[in-house]
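For reference, the chain that follows is the form predicted alone, supplied as structure tokens.
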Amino acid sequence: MSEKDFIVTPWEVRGEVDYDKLIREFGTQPLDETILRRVEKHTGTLHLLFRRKVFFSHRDFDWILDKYEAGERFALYTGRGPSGHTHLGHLVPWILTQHLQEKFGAELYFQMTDDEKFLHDPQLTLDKSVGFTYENALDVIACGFEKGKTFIFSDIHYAKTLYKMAVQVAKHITFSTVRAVFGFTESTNIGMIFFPSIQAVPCFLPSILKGKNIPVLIPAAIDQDSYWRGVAREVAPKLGFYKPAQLHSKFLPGLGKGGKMSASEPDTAIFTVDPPEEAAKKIMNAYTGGRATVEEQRKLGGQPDICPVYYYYHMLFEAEDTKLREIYVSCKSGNLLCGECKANLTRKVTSFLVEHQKKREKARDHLQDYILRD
């Protein structure tokens, strides 16, 4: 694979992702200033994940706003594949989802795809995947989602409700369709082939539970787009439901050279359960856009556009745009050295982890208040 090549599937992201190319290939729409101004009218200020184009693409988000402005509430849907502990990259869509819940008063249906992770990973037992469902749910709750409006469900433990709808979805989807969308082959296990029917169900679940058609908006990373583009949006009209709308985010990079943050590379990923000192060590060992020597850095300047440390500020850890710009300019000019930049980020990340871990432990006391069961 050359440096210009990249792979984005629901199970693998590799290479330097060209997000403009993904918009063209996936047939989505860019989140332009017109639609962001509409959002701002309802939210007061634009969330930094909107302002900085971390969420960069959509399907029918303008339609969601049309519905809301006409007095029709929408529901939110996102999720997590529980194969391990949550890392900071997983939090990016959740943070915007929580913001949307707060500003629009929306209910959230949060799917834990413990079945799919078990089916996909030959090393993962079903018990471990289900166990991570409830561990990951603590991180969801710690993000500040509202009790009574947030419904977290395990595919395994909510199967009675999900399966009835999933078979109705499955009846309208052929193997040739899912093979084309997901790249399935004759050696793919039949559980994975059926699973897209399960993942489509939350798009319609609010409508089923409420007994009327409810618009649904899915904030998620762009790698998950295939499930809704290739299955849910195709089937929705046949079943009498609205097509789900989507908001797509970019990937938080890992702390190595290139690629998104991944649990399969734990030395370059920061997990929400990491002790702060361990997270600090990972940051201080991170790849940067700095030069080989201090002298070169002072003379030539750094390269924030290829630096994962800078992107942590950009995507999560510097709320003020003027300060972010100062970091960028200081790096480019050579006035800000990588050691100082890493040290500043370390303070922000470790402070975040300490607070998040406190909220995470408190969440254990009311976890069941958020869990949706048959």
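Everything numeric here is computed off the predicted structure, so don't read it as measured data. The first residue of the sequence shown is number 1, and the count goes up from there.
Although not depicted, the form predicted in complex with a small molecule is the subject of the following passage.
- The small molecule is not shown here, but in the predicted bound form it comes within 4.5 Å of a heavy atom of G81.
- Taking the partner from the other structure, the small molecule in the predicted bound form has a heavy atom within 4.5 Å of a heavy atom of W228.
- Residue contact with the small molecule in the predicted bound form: D139 places no heavy atom within 4.5 Å of it.
- Residue contact check for T133: none of its heavy atoms lie within 4.5 Å of the small molecule in the predicted bound form.
- Although the partner is absent from the chain shown here, none of V13, H85 and F251 has a heavy atom within 4.5 Å of the small molecule in the predicted bound form.
- Of the listed positions (S129, Q199, T272, T150), a single one reaches within 4.5 angstroms of the small molecule by any non-hydrogen atom in the predicted bound form, namely Q199.
- Only one of Q98, Q297, T288, T113 lies close to the small molecule in the predicted bound form, with a heavy atom inside 4.5 Å, and it is T113.
- Heavy atoms within 4.5 Å of the small molecule in the predicted bound form map, among the stretches 220-228, 161-169, 251-259, 179-187, onto 220-228 alone.
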